[in-house]
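To begin, one chain is listed below as structure tokens, in the form predicted on its own.
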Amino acid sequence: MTAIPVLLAASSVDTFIQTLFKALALGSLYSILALGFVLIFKATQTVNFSHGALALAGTWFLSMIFMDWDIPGRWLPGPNWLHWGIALLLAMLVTAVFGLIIERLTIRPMIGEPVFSMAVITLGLEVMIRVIADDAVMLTPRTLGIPWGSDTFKIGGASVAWSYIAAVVMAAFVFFVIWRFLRTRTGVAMQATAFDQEAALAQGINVGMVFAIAWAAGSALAAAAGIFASMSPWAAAGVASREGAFFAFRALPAVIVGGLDSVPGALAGGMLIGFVEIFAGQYLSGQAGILGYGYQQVIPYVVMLIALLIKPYGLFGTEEVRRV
């Protein structure tokens, strides 16, 4: 008889461990996406509605670089995972260049114009880029060549996907890079521009360059998040799909909760929303008849609404006082 409670306890622990790693991984993806939103908003005061399309385009670029062109495998000896890692960085670089082109052609000419106008432009870019990228990845199914595929490893009786570990490592890497960058001369210039563009111009800061860097970095982060969101078990094992674009908009509560202009807020908001979504999905599944199926995707928005009622500018967002 004593074996039954022991087995139940072990099963509970294993379930908690699996849920914990899944929440950490999803929170990491949301944090990467939120960070891209934040960097662009800090520099341009524009919410980039084309973030999801850039994420989808990034998966397309990786598929072409790694699978179609065999770069860098055709020139560089070494293990497959190393080739894939380099191809990932190249795909992020290509997406960053794509972001630079978008900024130069559509955003730079709008400096000084109403913020709403720039937001509408990014919405139009979302539609245009997504249509092209959808055709590229849906008409011709494209794989991403993920080295670990859908492999898992065991912690006790819990099964954890290697993709979860990869997502957490990627998030740690990009936040470390951004943290270091914001302490450089260019990073300080970006923060000054985010605080007051006119004052930054008066101090001799090249605001156009800051816009370009923000869009390049935000686009690269969108690509990284889209690629990792296309891995198993989030999507079919390593197949680029339109889900990466829709996934970006699921990160919106993380952006709002953390604060639109806060880098630490991007991390905190992403993790909070990721944990709420996964743990609610796991431990409230028995109440699906009451809450409705798919309730776990609604709960992050409920958390966002509650957070806005308590902290209208987000957990770490900069509060603004305006005289009327």
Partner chain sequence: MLEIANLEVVYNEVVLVLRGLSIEVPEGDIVALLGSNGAGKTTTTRAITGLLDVHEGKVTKGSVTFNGEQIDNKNPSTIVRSGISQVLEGRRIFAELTVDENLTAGAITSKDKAAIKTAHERVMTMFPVLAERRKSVAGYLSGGEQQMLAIGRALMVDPKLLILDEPSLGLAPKLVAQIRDTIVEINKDGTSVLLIEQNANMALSIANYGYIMETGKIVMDGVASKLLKDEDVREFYLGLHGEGTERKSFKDVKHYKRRKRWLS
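Values in this document were obtained by computation on a predicted structure and should not be read as measured data. Residue numbers count along the first chain shown, from 1.
Just so you know, the form predicted in complex with the partner chain exists too; it's not on screen, but the next bit is about it.
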**Q.** Contact flag, residue 205 vs the partner chain in the predicted bound form, heavy atom cut 4.5 Å
**A.** yes
Q: Although the partner chain is absent from this view, report whether residue 151 comes within 4.5 Å of it in the predicted bound form, heavy atoms only.
A: no
Q) Would residue 100 count as touching the partner chain in the predicted bound form under a 4.5 Å heavy atom rule? A) no
Q: Answer yes if any heavy atom of residue 232 is within 4.5 Å of a heavy atom of the partner chain in the predicted bound form; otherwise answer no.
A: no
Q | Listed residue (155, 201, 172, 76) with a non-hydrogen atom within 4.5 angstroms of the partner chain in the predicted bound form | A | 201
Q) For the chain seen here without its partner, which of 159-167, 88-96, 67-75, 178-186 has a heavy atom within 4.5 Å of the partner chain in the predicted bound form? A) 178-186
